[in-house]
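Presented as structure tokens, the chain that follows is alone, the form predicted alone.
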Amino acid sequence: MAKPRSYIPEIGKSVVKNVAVPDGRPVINLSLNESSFGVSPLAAEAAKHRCERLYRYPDPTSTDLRAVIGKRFGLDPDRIVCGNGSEELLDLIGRLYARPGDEILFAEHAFLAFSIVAMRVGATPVRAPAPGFTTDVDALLERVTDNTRVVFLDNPNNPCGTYISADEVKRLRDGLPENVVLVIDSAYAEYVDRPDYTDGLELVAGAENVIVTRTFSKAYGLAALRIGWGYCSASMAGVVNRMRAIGNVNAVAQAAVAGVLEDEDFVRGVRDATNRERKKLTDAFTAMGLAVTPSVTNFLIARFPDTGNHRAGAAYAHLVQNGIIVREVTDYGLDDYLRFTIGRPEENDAVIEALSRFMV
């Protein structure tokens, strides 16, 4: 097998240590797409209460957790699988359905974990062109071969923040052979308020080869607890559950999710605040002369000039010097871009102020 590229160091590249801010202000980390708007008090209280019984193991089958997720989204709990973050589920799907010599297909600039999953199992990662940083269903279908085993779709896309419509997602599902697993990674679904969007859950019905993955690390504000879930056919759920580790979702995480799912107003407020702040950053960056890719998520990418003193690498270094960490995306092939997680109003104001000085 070809020597893999060094993805892991690149992923950690934006987590800069020992950043010193001259006036003692705290470092602003907008590199990881975490929610910037805290956590639901109901989730915090539920987690705190469970911490009083840390000597007890978690429910290894996440029974109550699957029940509350099923109730909230109108799904059969027996077809829900829970993971230590949704990335664990992506990894499980890769290990279950792909082998050396097989192909794993996804769009250009798709979530980096898709490539990592392919390399872990010795499969060949195949990238389809994505004009305008948006998944092209025809390009994906054209690249399906007899060796294709898994198709990953991140919708919305990370790191670009774009999405494809419900009709396009359905067209992709309908166009795939039955022996190819379609994984719809909808990690940022809570942020999208477009009428033509779908997280894909309804496409699981009647399909044995579709799994939708979701997470509580983003809009729900539970990133520290690493908890995700997937929805698929009963047969696929059974296979995934046999492969996953026993007790893979810790007890505090299970309790916190039960709390946050009772607080729909909290998640709605996070989405609304994120949308307002994303527009503020988009308008400010555009006024500076940066090209911003329209985003429906809690992050956006902006293109910097490819010549002169205002390149993306120099902008990144300038922001670090001002105590602001964002995400370089050179490992996605986007050398001229930086990715910005949408922060709180005062954090975004600091980004705008620092970049305004840089772009002069």
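Only a predicted model underlies this, so the values are computations on that prediction, with no experimental measurement involved. One rule holds for the numbers: they count along the sequence shown, beginning at 1.
This protein has a second form, the form predicted in complex with a small molecule, left out of what is shown; the following refers to that one.
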Using a 4.5 Å heavy atom cut-off, indicate which stretch of 214-222, 192-200, 240-248, 273-281 touches the small molecule in the predicted bound form. 214-222
Is there a heavy atom of Glu87 no more than 4.5 Å from a heavy atom of the small molecule in the predicted bound form? yes
Within a 4.5 Å heavy atom cut-off, is Thr162 in contact with the small molecule in the predicted bound form? no
Is Thr148 close enough to the small molecule in the predicted bound form to count, meaning some heavy atom within 4.5 Å? no
Given that the small molecule is not shown alongside this chain, does Tyr188 nevertheless sit within 4.5 Å of it in the predicted bound form, heavy atom to heavy atom? yes
Select from the listed residues Arg226, Arg173, Arg79, Arg127 the one whose heavy atoms reach within 4.5 Å of the small molecule in the predicted bound form. Arg226
In the predicted bound form, the residue from Phe111, Tyr97, Phe266, Phe133 that sits within 4.5 Å of the small molecule by heavy atoms: Phe111
